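Just the one chain here, the form predicted on its own, laid out as structure tokens.
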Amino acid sequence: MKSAITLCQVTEAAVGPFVFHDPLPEAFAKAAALGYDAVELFLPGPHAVSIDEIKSLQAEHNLAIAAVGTGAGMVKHGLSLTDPDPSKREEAIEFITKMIDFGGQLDAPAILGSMQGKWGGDVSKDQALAWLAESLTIAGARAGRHQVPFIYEPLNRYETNLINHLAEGARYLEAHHLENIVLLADLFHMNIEESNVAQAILDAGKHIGHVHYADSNRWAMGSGHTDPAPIIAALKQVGYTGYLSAEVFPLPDPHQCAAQEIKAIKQALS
């Protein structure tokens, strides 16, 4: 397993769980200085920064791109895959596919989190889940062009009412025969929803393709009451070799947060 840290360039997400909000040259330099293997990018959109600039920063600092987020589609543009307005759903999937293409040029998968939306009002649960499956089919195929997977993230009940548990997500992928889609195991969401985080990882098994490594309070690991040992053991048991990515609040300040997180990741993997 490898380490990654979140870099955010979306002003609307300034109070979100992202560690570095500096200009990208500074953020890349800070991540490299602390010993991270990769960065996870949260950008305003697919044209916010050039591929050449990202590749130049990668080469300068020897950092991979672990993943790219699509959440700006929701927090900045108000787009959702379960919007009752078909034109809005079309805009949402267009935003996501463009982010897939952006990430694909960097050999990085894109993540679907908040843009999945929720059901309610005029949209039934069955309808919302059907729209989600249609969108994931498109996303999986688009990501496949770049030989990367597409990452779907089950969120906690306060953020979506679609899929809240890893095992539920795994069953959904299998029931809808969704190809080239993997699950994101976010330990903060799982601490809310799962009765046993390590067992949930074992149950989802091969479907896990990315991990957000956050403590129970969404600070850096070691700041809350999560015991990482059984979680790491479960990830090793299912053969997970991807990133442990710091999608956490930059508290008590970004540097201390980032330093604590990389220390916790190295300790967990030693």
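Throughout, we count residues from 1 along the sequence that is shown. Predicted model only: the values in this text are computed from it and were never measured.
The discussion below concerns the form predicted in complex with L-Erythrulose (LER), not included here.
Peer 1: Okay, which stretch from 89-97, 76-84, 155-163, 130-138 lines L-Erythrulose (LER) in the predicted bound form, with non-hydrogen atoms inside 4.5 Å?
Peer 2: The contacting stretch here is 155-163.
Peer 1: Would you check, heavy atoms only and a 4.5 Å threshold, whether residue 247 touches L-Erythrulose (LER) in the predicted bound form?
Peer 2: Close contact exists here: in the predicted bound form, residue 247 approaches L-Erythrulose (LER) to within 4.5 Å, heavy atoms only.
Peer 1: Taking L-Erythrulose (LER) as it sits in the predicted bound form, is residue 180 near enough to touch it, meaning that at least one heavy atom pair lies within 4.5 angstroms?
Peer 2: Outside the cut-off, so no.
Peer 1: Do residue 218 and L-Erythrulose (LER) share at least one heavy atom pair within 4.5 Å in the predicted bound form?
Peer 2: Heavy-atom contact with L-Erythrulose (LER) at 4.5 Å: present for residue 218.
Peer 1: Quick one: which residues from 99-118 get a non-hydrogen atom within 4.5 Å of L-Erythrulose (LER) in the predicted bound form?
Peer 2: Contacts from 99-118: just 114.
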